[in-house]
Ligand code: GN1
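First, one chain by itself in structure tokens, the form predicted on its own.
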């Protein structure tokens, strides 16, 4: 049992007793708590199995949030609401180490989050993630530590799939030949963004890398965006990764493990809502190549997720948590069905992008 009263003293925070700290949220990586004090604070135990270099992880978050706070002040906004604020320890650190556990504290932002997006929420989420990109457009992304190396390196993800097929250590490949054949047929997409980064047509930017709608806080009364949260995966990358991943989830008609593939498709109205919001913020700072590849980025990030599930299934389900033996295969089929559907809609998606540029 954590002695939160003693822990929080290391952050210069006095609470009456441990009973005023409660579990909070439904995150799967870190353990999160909230105080019922005035003001309130968010306490998180960082999952050091996932984030082994927690010192550089927290330095990333500090660099980005301090930069954002200055930008927000310059534009007449309120940093206490519009970005995360790290509470430093009494000796000026971004976290406190208690035995083998690592804790951080943020000011609480009074907003709500949603797991199931409608078009209006996606419009606002698009604005939020677009604004996040725009505010950080002149931040030197090379200052950031790559907290999960090669996270969106699609060529390496494809190579991992090929290696898993060849090894076939679980003897599963023969039974899923059609899934494997389709996955391999999409190799033509894997280098598109990587090549753009290499030739400079796609700038290296600060990217969030977990742009699900539940990482946006909304005003409970107006449903307008307050801030973007969960910055653990902030690192150098492409704007296209954030756009594509947001719509991989946000524009899908079904959960990512839905097994009735007849109801799995990309919803163009949701693609349009997010695109309208996103481009309202970034159209003046995005390069022509970035804008051109927005539709394909949705396909690419969906494909990347699909082959990660497929690779894990072939390797014996060692990475993603599963709830039944074929869970990763069902997830892979779901994502690859989305890929096939998006392929047929790329022209329509490009027309939507042109509409808002």
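Predicted model only: the values in this text are computed from it and were never measured. Positions refer to the first chain, counted from 1.
What follows is about the form predicted together with the named molecule, which we do not show.
In plain terms, the part of the chain that comes close to the named molecule in the predicted bound form, with a heavy atom within 4.5 Å, is 146-154 out of 185-193, 146-154, 283-291, 265-273. Note on the partner interface in the predicted bound form: the residue among 305, 64, 299, 57 having a heavy atom within 4.5 angstroms of the named molecule is 305. The three residues 129, 139 and 278 each lack any heavy atom within 4.5 Å of the named molecule in the predicted bound form. In the predicted bound form, residue 27 approaches the named molecule with a heavy atom inside 4.5 Å. Heavy atoms of residue 313 never reach within 4.5 Å of the named molecule in the predicted bound form, leaving it off the interface. Residue contact check for residue 212: one or more of its heavy atoms lie within 4.5 Å of the named molecule in the predicted bound form. The shortest heavy atom separation between residue 245 and the named molecule in the predicted bound form is within 4.5 Å. Of the residues in 307-325, those that come within 4.5 Å of the named molecule in the predicted bound form through at least one heavy atom are, in sequence order, 308, 309, 319, 320.
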